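Only one chain is included here, represented as structure tokens and corresponding to the form predicted alone.
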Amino acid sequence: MARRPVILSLTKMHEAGMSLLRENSELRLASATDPATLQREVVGVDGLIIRTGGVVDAALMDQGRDLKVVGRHGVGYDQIDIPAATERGIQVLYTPGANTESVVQHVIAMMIGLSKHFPQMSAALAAGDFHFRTSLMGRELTGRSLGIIGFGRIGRRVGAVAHQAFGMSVLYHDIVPAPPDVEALARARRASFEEVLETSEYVTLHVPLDASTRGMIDRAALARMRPDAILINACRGPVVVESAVAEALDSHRLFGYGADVFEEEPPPEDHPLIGRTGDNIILTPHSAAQTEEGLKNMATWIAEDVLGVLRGEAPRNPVNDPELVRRNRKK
């Protein structure tokens, strides 16, 4: 009888995915996600599944000499050293599209909530000030301008929903132009980074985190934005310099800010944005994908793909080149 593969999961997932793993492998749950613990517990493991906690670097891979596949429960994979994995013949997987609708709806909700001053209105009502309702003027999304930085799966869907539901005009900036049929769904026009910032009443970020995007929304970028603009970050925290956002809010150079991600997670106690009163800010704890549908999709897709790779099947959602991984594994 063939040996059941050993899979170490750094997180609990939706039961649909956990059941698949238990039925088809020896499933282990990491006792902690610090480097020392993971380096001990990765020994003898064939597959590794991670979510937001833990770092998969060369040192960890060298301890996991039996490691053949790393699956990322989610979309961003910046905590995995992809070149090191490829060099060692380790296949890296992720779940693009699994949480698209969940994140898109989170972004739209933030756009609406900030447009109608939900943070201040809710705080005033809780404090017993019902008449605060006439103190601030909200606005509709209808017909307004939306700028999208990063026009991948999520950015494209945000654009399509915004245009089709609210008649918003859509500009996008991406290093690769979208196909004409994709642009048509949102009636989107590709523009420079500067034009998107300078002309959009709403700017939403949907880029991966790498050297080119880290800190891209800094003081200089914020200075280009309209003072009536709302900025949304639901991609990766370090894309935005949070201290610069605080300064922009203090000087009334930003209408509102919504974020589901932070430069440091969990954020520190002295975070420049958390706990501010009176500001038009909506912050959520990296929870945009926390829906029944999104979590089930991510857990099921990553469990199926990890198990498939361990059976010798071609990966459905590879991050690194499967052929290069295969050749390096044979060395």
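Because the structure is a prediction, the values reported are computed rather than measured. In this text, residue numbers run from 1 along the sequence as written.
Keep in mind that the form predicted together with nicotinamide-adenine-dinucleotide (NAD) is missing from the display, and what follows is about it.
Of the residues given (Ile154, Val203, Val245, Leu171), Ile154 alone sits with a heavy atom within 4.5 Å of nicotinamide-adenine-dinucleotide (NAD) in the model of the complex. Out of the listed residues Leu197, Leu254, Leu114, Ala234, Ala234 is the one that sits within 4.5 Å of nicotinamide-adenine-dinucleotide (NAD) in the model of the complex by at least one heavy atom. The stretch in contact with nicotinamide-adenine-dinucleotide (NAD) in the model of the complex, judged by heavy atoms within 4.5 Å, is 75 to 83, chosen from 75 to 83, 221 to 229, 159 to 167, 137 to 145. When contacts are judged by a 4.5 Å heavy atom cut-off, Gln91 does not count as touching nicotinamide-adenine-dinucleotide (NAD) in the model of the complex. At a distance threshold of 4.5 angstroms between non-hydrogen atoms, Lys68 is out of contact with nicotinamide-adenine-dinucleotide (NAD) in the model of the complex.
Proximity of Val261 to nicotinamide-adenine-dinucleotide (NAD) in the model of the complex: non-hydrogen atoms within 4.5 Å are present. Although the partner is absent here, His286 sits close enough that one of its heavy atoms falls within 4.5 Å of nicotinamide-adenine-dinucleotide (NAD) in the model of the complex. Taken together, Val176, Pro208 and Ser212 are fully in contact with nicotinamide-adenine-dinucleotide (NAD) in the model of the complex: each brings a heavy atom within 4.5 Å. Residues of 94 to 122 that come within 4.5 Å of nicotinamide-adenine-dinucleotide (NAD) in the model of the complex, judged by any heavy atom, are Asn99, Val103 in sequence order.
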